[in-house]
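Below you will find one chain, with nothing else, as C-alpha cells; this is the form predicted alone, and questions on how it binds or moves follow later.
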C-alpha cells in the first residue's frame, strides 16, 4: 500500500481523481491539502471536505487548508471550465472540518514523521509544496516522490499557447519544485490529452450504483451540458493518480525541467533531456489508463 498526500484544487477532474484515490485499495491517503486554482481556496476546501464526506464518510481523511494565492499575484480561477463552485454539481453540506495545521505544516509534519515513505500527488498549482520545501532540505529528503499533473513539454498549452493551467497559475512555485531535488514525475498535457471520456459514452461513463460512480456520472454530465461545444473530458488529474498507482502505464524520459516565470511564455515547461530529478511522461497506454479510471470510480 502506497502512502500519499494529495494536494489539490477541486475542480471537476480533481474530484474524479479524488474518487479514484479514495476507492483505491493500493493507496493509503495520509491527507488532502487544498490550494486555490480552479476556484477560490474557500471553495476548493469545501469541495474536498464534501467529496470525502459524501463517498468516504466513515473514514478519517484529514483535510488541511493551503494557499489562497500563488507566490506572486493572484490565481485567475477556471470557473468557465469547472462551473460556478468548481464542481458544477451540488453536494450535501458537511460537518467535517479542516485540520488546525495548515497545508505547509501538514506536509512537513507527515513526511518528516515517515521519511522516504510518503509521496505527494499534486493536482493543482504547486504553491503549497514549494512553501513546504522552502529552506527545508530535510523535507525534500523525506518526500519519496512528487507526482505532478502539470506542464506541456512537446505540445501547446491549454491556458496559453505555451503553458498548462496548473503551472501557469504559479510558475515560480513550479520552478522551485522542479529544482528541489525531490524525484518529480511530470504528468502533463503530452499524455493527459490522449486520455479522455467522450460525450457519447454517457450518461453512464461509470458503471454501478456506488456513490462515487453516481457522482462521477453527474460531474461529467454537468460538464458536457455546460460546454456544448466540447466532445471530450480530458482525464488530466485522474491520469496523475493512475500514474501513482500503476506507473508502468506511462513511459518517461529523464530531464532537468525549468519553468518560464515571466513574459509571453510564462508557465512554459522546458525540459532538457539528460540526467535530472524529473521524469517527464511522454507516452501512455491509453486503454489501460482509462480502464483504471473507470474501474476505480465505479467501485
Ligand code: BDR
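Values in this document were obtained by computation on a predicted structure and should not be read as measured data. Numbering follows the first chain given and starts at 1.
Here the subject shifts to the form predicted together with ligand BDR, a form of this protein not shown in this document.
J.: Tell me which of 234-242, 66-74, 249-257, 40-48 has residues with heavy atoms within 4.5 angstroms of ligand BDR in the model of the complex?
T.: Among the candidates, contact is made by 234-242.
J.: Hey, in the model of the complex, is residue 224 touching ligand BDR, heavy atoms inside 4.5 Å?
T.: Result no; residue 224 lies far from ligand BDR in the model of the complex.
J.: Counting only non-hydrogen atoms and a 4.5 angstroms cut-off, does residue 158 reach ligand BDR in the model of the complex?
T.: Contact check for residue 158: yes, within 4.5 Å of ligand BDR in the model of the complex.
J.: Test of understanding: in the model of the complex, would residue 166 fall inside 4.5 Å of ligand BDR by heavy atoms?
T.: Heavy-atom contact with ligand BDR at 4.5 Å: present for residue 166.
J.: Under a 4.5 Å heavy atom criterion, is residue 123 part of the interface with ligand BDR in the model of the complex?
T.: Contact with ligand BDR, yes.
J.: Counting only non-hydrogen atoms and a 4.5 Å cut-off, give the residues of 12-32 close to ligand BDR in the model of the complex.
T.: Residues within 4.5 Å: 13, 14.
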